[in-house]
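First, one chain by itself: the form predicted on its own, in structure tokens.
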């Protein structure tokens, strides 16, 4: 499973979210074309992804919803859970912290960091806020492996370097500035302006 394509992992996460909603509504089985419709992709893509993880449904009933949720969990989730931190507790940082609070049993935000002294020492959604200078100590103490950066773009390279030196294994960069990390650190960069401009381009071309 280590060699699963990145896009497949992305879609599996999305499938699980959709399947959890279906499970909550009492659905026991689901067909690939129903998952595809929720995710706005083709049934062939759904079947290909699910075959890659070694699961098959039946022609008569489709996939067992609970079994598929559990299998995706085994593949994506860490057995003992993974601790995450958020650096930059402005509007976006608070929104992310709030969203994750209590929602993902295997991913938990263990600390948040900021440079503003007025925020340090407070709790955000029951999570302690520390000064950025405390990153090396807290990352080690709380066994944090993933960092989420929601700091101003000009601060991103320095913060990324600090997180990497402190021992994080993965980084999610929400700043508009790309960062460089060593090859053994998994980096995901999310630039909202680029995403919005991509949507705007398709809106413009479909007038």
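Positions refer to the first chain, counted from 1. Every value quoted in this text rests on a predicted model; they were computed, and no experiment measured them.
There is another form of this protein, the form predicted together with another copy of the chain, and it is not shown here; the text below is about that form.
Engineer: Within 4.5 Å of another copy of the chain in the model of the complex, counting heavy atoms only, one of 32-40, 54-62, 135-143, 156-164 shows up; tell me which.
Structural biologist: Selected range: 32-40.
Engineer: Just one of 46, 68, 151, 171 has a heavy atom within 4.5 Å of another copy of the chain in the model of the complex. Which one?
Structural biologist: That would be 171.
Engineer: Do residue 82 and another copy of the chain share at least one heavy atom pair within 4.5 Å in the model of the complex?
Structural biologist: The answer is yes: residue 82 has a heavy atom within 4.5 Å of another copy of the chain.
Engineer: Answer with yes or no whether residue 77 is in contact with another copy of the chain in the model of the complex, where contact means some heavy atom within 4.5 Å.
Structural biologist: Contact with another copy of the chain, yes.
Engineer: Quick one: does residue 24 come within 4.5 Å of another copy of the chain in the model of the complex, counting heavy atoms only?
Structural biologist: No, residue 24 is distant from the partner.
Engineer: With heavy atoms only and a cut-off of 4.5 Å, decide whether residue 120 touches another copy of the chain in the model of the complex.
Structural biologist: Because no heavy atom of residue 120 falls inside 4.5 Å of another copy of the chain in the model of the complex, the answer is no.
Engineer: Can you name the residues of 112-139 that have a non-hydrogen atom within 4.5 angstroms of another copy of the chain in the model of the complex?
Structural biologist: Going through 112-139 in order - heavy atoms within 4.5 Å of another copy of the chain in the model of the complex - there is one hit, 125.
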